[in-house]
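First, one chain by itself in structure tokens, the form predicted on its own.
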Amino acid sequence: MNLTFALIAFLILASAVLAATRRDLIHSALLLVGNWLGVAFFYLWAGAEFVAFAQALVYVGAISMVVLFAVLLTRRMRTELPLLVATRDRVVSAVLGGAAVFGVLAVAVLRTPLDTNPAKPAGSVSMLSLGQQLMGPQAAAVLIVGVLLTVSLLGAVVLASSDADGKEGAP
């Protein structure tokens, strides 16, 4: 195994495990930024420069900011949050769900041929043709995604401006 690949995999897995085990949402969101950056490094290592750039731009830049704003704007005081007891049913369902996801991923990885020297090279796509696709036939989809992200951020602001009784706060 390549040392670079091992370091990238360690970065991705370590940041994901740390993000899942932290109790502070801000720390978890920042660790997810590290995870997304690791995925971008993987794409760069695999030779998909444009996908790496898109990963860094969209996830590390935009989505991480939306997540951080949503967490910061919708946070309640810790005294207002009810403490949930970890019941046996919740633990069993979490373990079964994790095992199911692991099983699907393991089967997908084991059935994927890992041929590093393909017989025919994949078709190359130029930046010009990709830009023409995004701003031509796919322009509506790009605009819809932008509107959805904006609406979700505005929803976080509305939720943050209401007090515990559900009434709107003072402007």
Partner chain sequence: MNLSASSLWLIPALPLLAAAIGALTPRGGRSLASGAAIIAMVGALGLSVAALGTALAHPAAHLTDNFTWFSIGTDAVRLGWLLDPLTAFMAVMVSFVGLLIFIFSLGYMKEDANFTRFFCFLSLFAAAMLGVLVANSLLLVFVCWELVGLASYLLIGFWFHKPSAAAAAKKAFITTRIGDLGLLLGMLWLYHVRGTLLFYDGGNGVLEPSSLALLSHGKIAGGIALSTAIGLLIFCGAIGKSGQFPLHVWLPDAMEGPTPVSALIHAATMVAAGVFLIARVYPLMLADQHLANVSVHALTVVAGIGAITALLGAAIAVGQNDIKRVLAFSTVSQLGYMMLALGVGSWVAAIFHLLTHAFFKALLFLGAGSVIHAAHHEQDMRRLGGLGRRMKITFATFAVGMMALAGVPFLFSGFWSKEGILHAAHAWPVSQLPLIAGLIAVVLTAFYMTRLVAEVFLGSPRSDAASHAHENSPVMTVPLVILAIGAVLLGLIGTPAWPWLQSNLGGVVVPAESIFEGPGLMVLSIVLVCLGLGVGWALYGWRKRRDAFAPDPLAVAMPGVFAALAAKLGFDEFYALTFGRLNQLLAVVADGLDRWVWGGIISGVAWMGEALGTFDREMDESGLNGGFDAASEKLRGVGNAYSRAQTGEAHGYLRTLAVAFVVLALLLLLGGVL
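Residue numbers count along the first chain shown, from 1. This structure is a prediction, so every number in the text was calculated from the model and none was measured.
The form predicted together with the partner chain is left out here; the points below concern that form.
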Review point. Which residues in 26-59 have a heavy atom within 4.5 Å of the partner chain in the predicted complex?
Key: none
Practice item. Using the form shown as baseline, tell whether V109 and Y43 are closer or farther in Cα-Cα distance in the predicted complex, where the change reaches 3 Å or more. Key: farther
**Study point:** in the predicted complex, whether the C-alpha atoms of F41 and A108 sit closer or farther than here (change of 3 Å or more)
**Key:** farther
